[in-house]
Structure formats: C-alpha cells, structure tokens
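Take a look at this single chain in structure tokens; it is the form predicted on its own.
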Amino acid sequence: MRFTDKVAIITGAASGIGLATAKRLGSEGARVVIADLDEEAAQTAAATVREVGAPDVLTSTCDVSKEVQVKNTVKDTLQKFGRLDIVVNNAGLMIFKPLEEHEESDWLNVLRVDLLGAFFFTKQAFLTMKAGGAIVNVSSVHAIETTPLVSSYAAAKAALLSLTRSAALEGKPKGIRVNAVLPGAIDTPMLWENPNVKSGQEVINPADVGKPEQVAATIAYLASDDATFVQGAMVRADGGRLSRL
C-alpha cells in the first residue's frame, strides 16, 4: 500500500485517465480528492473510488482555469484531511480547428485549462505541501509530435513540459518532486471524438491504443516513494507509438 496516509488531489478525475488514477491511488491507500467541473459525474466517480478501497474520498467542484476555485479545493482538502501529499494535474481541454480558424478565445480557453490550471495547483502545492510531496503533470505526445487541427492543445501541452522542468528545479529544495507523463492514444472520449480519427485522416492502429489504467499506473509510480530519485522527468506512456511517427 504505497499511499497509506497520503492525500491526493486529482483534477479532471470524474472520467478517463483522471478517474483511473483516482481508483489506482485509492486502491493503494490514498485519501482522494476528486476535483472536477462536473459535480454529478464527480459524485459518481467518488462511489467507484470508494468501491476499490479508498479509505476516504472528497469531491470538489473545480474549474481549474479559475485560481480562486483551485485555492478553495486545496483549502477544503486541508480542512478535511489536514495535509496534501500528491497533486495530479490531469484536467485538459482540446479544440479541433484549423489554425486559421482558431480565435483568441480558443487559445485562451485551452491555455487556461491545460497550462494555467496546472500552474495554479502547483503554486498551491508549493505553498502547502511538506517535503516528500509529489506533483505529476499529464501532458501528451502532442507536445513532441502532433497532428493537424490541434495547434492550441499541442502548444499548451508543450508549455506544460516547460512548466514541469521549472517547477522541478524550484521544487527540489522544498523536497517536492515534479514530473510529467505523456500519454499517447488512450481509449477515452477525447481520442474517439477527434475529427482526424473520425475522418480517417489519422489512422489509429489498435495495438497503439492504451487503457487509462495503464497511464494511471505510470502516474502512480511517479507519485510514489518508488520514484524518490525521479525529478523533472517526462515519461512517455504511449506503447511506443511516438517512436513510429
């Protein structure tokens, strides 16, 4: 039980990789905070996390793009559990448009969720976590190699890697580790709703499609004391797909 007595906030935890991560950490003893914009879905997710053995689960309605809501989630976490040990910045937004059709609002919406949301939680973690804490940012292989129609998403995920490097440098003296995971094609709605995939412009080999649970296992490793010497790492969880692009 690697996470006994530890408290983890997971953003976007009502579904997909976030929910799989909440279940994985909870099953290994963590008290889990499900931070999600969808309150009803978060409550449903909380029930499934309890079913796998999490000792306690808190839901927090949170729009990660709003710093005040991030502060409130961390405040509620500390009030209920008295500590914060792990933050998984998983919440993400993806817009599918040709670059020339992107509006300023599209860019700002994606950046606020995919980049600033992670920054807001990292800031709060630095202010409240004790030595031994861990932050895991969920980036994407799109930060390295991308496809058409997702310029804002790819840029935000690349910037998230830069934030990971900076936070790792500044977190080390505090005893806080910061790392990133780069999922590839994962069996979530975000993959199958991709118009590139729907149109056949991007062909997905079934062998390249991973499960949310496989990414969650990587996140759990980076968040655990098994990874105490891992700092500023960017770990691909893509089944080797990026190597073949």
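Remember, predicted model here, so these are calculated numbers, not experimental data. Just count from 1 along the sequence shown to find any residue number.
The next section is about a form of this same protein that is not shown, the form predicted in complex with a small molecule.
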- Item | The single option of A220, A185, I176, A54 touching the small molecule in the model of the complex, heavy atom within 4.5 Å | A185
- Tell me, which of V49, C62, A30, A216 has a heavy atom within 4.5 angstroms of the small molecule in the model of the complex? C62
- Item | Close approach of L58 to the small molecule in the model of the complex, 4.5 Å, heavy atom | no
- Taking heavy atoms only, is V88 within 4.5 angstroms of the small molecule in the model of the complex? no
- Is G133 close to the small molecule in the model of the complex, meaning a heavy atom pair under 4.5 Å apart or at it? no
- Message: Does any part of V138 reach within 4.5 Å of the small molecule in the model of the complex? Heavy atoms only, please.
- Response: yes
